[in-house]
Ligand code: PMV
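Just the one chain here, the form predicted on its own, laid out as structure tokens.
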Amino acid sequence: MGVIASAPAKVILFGEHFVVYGEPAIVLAIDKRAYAKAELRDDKRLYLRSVNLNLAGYFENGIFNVEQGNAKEAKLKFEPLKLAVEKVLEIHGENVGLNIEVNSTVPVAAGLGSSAAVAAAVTAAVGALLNVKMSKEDVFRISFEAERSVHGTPSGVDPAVSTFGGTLLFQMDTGFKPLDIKADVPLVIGDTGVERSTRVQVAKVRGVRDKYPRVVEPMIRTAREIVLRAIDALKENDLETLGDLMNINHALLCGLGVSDESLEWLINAARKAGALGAKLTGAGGGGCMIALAENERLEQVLEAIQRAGGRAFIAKKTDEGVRVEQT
């Protein structure tokens, strides 16, 4: 018998890039989820399959053998999951063979936290299968370690949102704290389909800041003010103010050079179609944008983004983090 667990993806609502300089960011779990199914095997192999990436292979005695897809890509995607499984097995106290099947509805490499959602879902599924008592903090810690094996020094915000769900305020020095937000936050997410490197975009911002510190420092302070105002707007369900703040936040990111043509097409299309606000989300230079719209305008905005060449879907805030779907 298998166990299925799932975890949500995320969008950064405000504060990306500025978070690197100690400012706060608002992150939201959305109702797109990654699913992981875990089953026991008779041997000691760890067999992994990703349905959406068409990759499969197994680890045996520390050696990876590919069965489907590109060997290098498969190993890269499966290594962090292997690490998460090993951490759960350590708590379990016994090494067992497992089949793990991952199926994610979250676009990959688009800044929506897909790898963290998968890691949290795998951790929870294996834990439930082996009857390992794990708190959400345990799931977070293990997913974070898995992320660290891929990204070097991630902020920890992706695994936090995937594990705990809801809306989080994140700051480098204080970590994350949940925000009690009742507002719906109806969004359209548009994926440019342009893959980008977070590292390259972060370096680009650092270059601009080093060259023009007296110009960029006030922009960083403005970004903080936007986040603080946005918290109030969220608590008051004031979508209009939220939209305005998204537009201002995007203008700052544009000024730092992290938007590009693929994003601008989609953002302009969304605003013309009646979105209250639209901005890039995540690292920029491709990846995804988000548009805030009243419920009755969502379809209109969605279609406008699609016509402008984006892959778009409607997303809502979810308060549910990682969960076991069935045992």
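Note that the structure is a prediction, hence the values are computed from the model and not measured. One-based numbering along the sequence shown.
The same protein also has a form predicted in complex with the ligand, omitted here; what follows describes it.
Shown without its partner, this chain lists 293, 26, 283, 48 as candidates; in the model of the complex, only 283 has a non-hydrogen atom within 4.5 angstroms of the ligand. Using a 4.5 Å cutoff between non-hydrogen atoms, residue 196 counts as a contact of the ligand in the model of the complex. Interface residue remark: residue 308 is not counted as part of the site for the ligand in the model of the complex, having no heavy atom within 4.5 Å.
In the model of the complex, at least one heavy atom of residue 202 sits within 4.5 Å of the ligand. Residue contact with the ligand in the model of the complex: residue 314 places no heavy atom within 4.5 Å of it. Contacts of stretch 18-39 with the ligand in the model of the complex, defined by any heavy atom lying within 4.5 Å, are made by 19, 20, listed in sequence order.
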